[in-house]
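Form predicted on its own, single chain, as structure tokens, below.
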Amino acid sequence: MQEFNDIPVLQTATVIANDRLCREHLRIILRLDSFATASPGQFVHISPAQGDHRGYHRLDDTEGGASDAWRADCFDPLLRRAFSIAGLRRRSDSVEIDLIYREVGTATNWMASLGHGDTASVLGPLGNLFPISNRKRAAWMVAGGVGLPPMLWLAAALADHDRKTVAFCGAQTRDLLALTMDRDQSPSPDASLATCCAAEFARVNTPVVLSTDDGSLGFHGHIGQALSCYHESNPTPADDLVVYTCGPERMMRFVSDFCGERGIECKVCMERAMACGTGTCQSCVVPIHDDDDRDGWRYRLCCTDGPVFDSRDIVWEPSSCVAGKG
């Protein structure tokens, strides 16, 4: 049972920074008066603060006058959007939360328009967390694209637990990688070598293997290939290693299969459209193995049962057995 101070709270946050990291990604820093106990893997729900209609227009009623209804300028309703927490700092009188997002649609266009002093409505913390093993000393984090944010906070938590960490970060091309490159260290094109080339990971002593699909930075290939290459050159016993992954589902399935074949524990941070974030709308389903179900699997909710799942529990191809699960 959750303690009272772990219950998600809806409150208004103030923007203290909103900086572009690369061509499509930005980091927004939100300041809150307080925030419940939270851990890497958890997320928050964001929307405009009450009374802030930036990016909206008022709908006219049937008699031609102004109504009380508002709609996004792109004619697409702006529901709350879920974002993994990329960092959290507790100050003496406030809490700062980092969110990294890709500017691709209505909600993120609105977020990109926010400046210092603007406000946003925040609900959180939501979801479960990345477990940190008490026994296993090595931890590898595999992130693709927008799967990077939760790994940044996780890397800091793993460093606090004195784990031996490596981060694997992939992107389509150099200018879509939301990391700050160190001027003194370049990412190696050899995926068997991890370097402290990314400032965000270097500050918590985590070396990185970078890959880009087009070869414009680091290893030329997808991040799963880089993971395979590194593991081959740096074998680590399965009973001393946990792999955490977040990103495109195809990538996470590769990582899950890779770990499963080698007996490596793997934790997967799934992504779904989470309209409510609290399990009410039942829309963010993930198919999970369940021996007690007659079909051998059942749906779980990404927002409340996840977003972090054990890779062995996930049914990656449920299409052949979805009939009857409506």
Ligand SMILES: Cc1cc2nc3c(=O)[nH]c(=O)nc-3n(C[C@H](O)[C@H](O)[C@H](O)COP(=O)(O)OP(=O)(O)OC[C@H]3O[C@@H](n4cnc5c(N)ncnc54)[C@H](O)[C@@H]3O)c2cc1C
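All values derive from a computational prediction rather than experimental measurement. One-based numbering along the sequence shown.
Heads up, the form predicted together with the ligand isn't pictured, but that's what we're talking about next.
Although the partner is absent from this view, residue 274 contacts the ligand in the predicted complex, with a non-hydrogen atom inside 4.5 angstroms.
Contact annotation for residue 107: at least one heavy atom lies within 4.5 Å of the ligand in the predicted complex.
A residue is said to contact a partner when one of its heavy atoms sits within 4.5 Å of a partner heavy atom; residue 100 meets this definition for the ligand in the predicted complex. In the predicted complex, residue 84 approaches the ligand with a heavy atom inside 4.5 Å.
The three marked residues, 43, 146 and 307, each reach the ligand in the predicted complex, with a heavy atom inside 4.5 Å. Here is the short version: of 288, 32, 29, 270, the single residue with a heavy atom within 4.5 Å of the ligand in the predicted complex is 270.
Of the candidate stretches 146 to 154, 88 to 96, 186 to 194, 203 to 211, only 146 to 154 contains residues with a heavy atom within 4.5 Å of the ligand in the predicted complex.
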